[in-house]
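Shown here is one chain on its own, the form predicted on its own, set out as structure tokens.
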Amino acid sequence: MTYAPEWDVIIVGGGPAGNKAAQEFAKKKMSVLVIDRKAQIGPPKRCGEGLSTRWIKLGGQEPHPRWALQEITSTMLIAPNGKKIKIDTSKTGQTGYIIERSQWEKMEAGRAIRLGAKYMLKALVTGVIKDGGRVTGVKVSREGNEEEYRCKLLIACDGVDSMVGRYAGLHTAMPLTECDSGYQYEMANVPIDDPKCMELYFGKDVAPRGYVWVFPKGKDVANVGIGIAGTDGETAKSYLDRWLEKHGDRFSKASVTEINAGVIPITKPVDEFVGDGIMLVGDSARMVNPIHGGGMGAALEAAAIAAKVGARAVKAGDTSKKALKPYHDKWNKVRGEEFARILRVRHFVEKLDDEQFNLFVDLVEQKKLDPRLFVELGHGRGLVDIAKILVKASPAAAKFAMSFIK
């Protein structure tokens, strides 16, 4: 296929952020080109595939049976000593779905195309074009040819390993200490007691600085994965395989139907995600929850904000960094401050040893700690409340609890 040499907006990456941005710009009657290096939208995926209902609504979507495979209304936390806490998240309005992400992304790309966007696949962006310091296009390697495409605004949605921001001169490097390593099997014939319940397993020997998850995708299909510190001497796969062997009574008759792996950013967003003629959206700007590493919802929200600001800038004929900065400011206001709190929680959680985690479970069993506070921690809230409970629960826990408040 041939493509026009000039566009109002070029978006690099056809994932959640790119598809949403393409839809929003297309709605504003702008010419939009989405460039993706893969041969098809969707796979390979690097994701546990959990998506909350609130993010689906914020994205202006409705769950579809083609991709919303299993509704989730509760979460089971399994402590290092094997004790369990089941949290009914439906009571807090925090439900969601385990999705088939490849189908979801393909359907969302279809929505963007029907609105007028064009997609170019199996095309690698190898650099950006600048005019007087402002980004004005991209260099693309496609079908053995080197091509150039011009635009009024470039949107980088090319994921955690984004190169487009670097090509444009934005600082997107991330230290290894702020990355987790993820590995996941989709498995069939997995015994599942409650298909509406996610399972999270904790422990330093289970998953250092992380956890093992079992996310049901139906009555006997589940994503079984792990996230660990990227600096660990062992691979995520080795930890996951060892855990599966330990739980052979459950998984011995199951088998793998898909393997996924990738890097998970668990740090603060980049300092600047706008420049002259360019905006970073989603994982490329590290817009990821630092506790659980989920970024699809935040990407949808950021894409909508970016499109609103970006379209206004394009129409005004001014896509300078100053004109695009309202996107940076707005996102920080609606989500950045929350993510900063969550990062603080993450740094605390990393200090927990297995004995201290087990203490939480004991307090829940004694009805001294509301398990819903664990859900609040995932949103950067509840630290002080938990600290107060720990101080009352045990003198030995008092010093430990004070670190919540600092």
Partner chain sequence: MPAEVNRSKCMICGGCVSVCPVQALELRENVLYVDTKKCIDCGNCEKVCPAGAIKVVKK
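As the structure is a computational prediction, the values presented were derived from the model and not from experiment. Residue numbers count along the first chain shown, from 1.
Keep in mind that the form predicted together with its partner chain is not shown, yet the notes after this line are about it.
- Using a 4.5 angstroms limit between non-hydrogen atoms, S181 touches its partner chain in the predicted bound form.
- When contacts are judged by a 4.5 Å heavy atom cut-off, D161 counts as touching its partner chain in the predicted bound form.
- With a 4.5 Å cutoff on heavy atoms, T235 counts as touching its partner chain in the predicted bound form.
- When contacts are judged by a 4.5 Å heavy atom cut-off, W213 does not count as touching its partner chain in the predicted bound form.
- Only one of A316, L124, V256, V334 lies close to its partner chain in the predicted bound form, with a heavy atom inside 4.5 Å, and it is L124.
- When its partner chain is considered in the predicted bound form, only one residue from I78, M174, I192, A304 comes within 4.5 Å through any heavy atom, namely M174.
- Contact with its partner chain in the predicted bound form, judged as any non-hydrogen atom within 4.5 angstroms, is confined among 258-266, 242-250, 319-327, 111-119 to 258-266.
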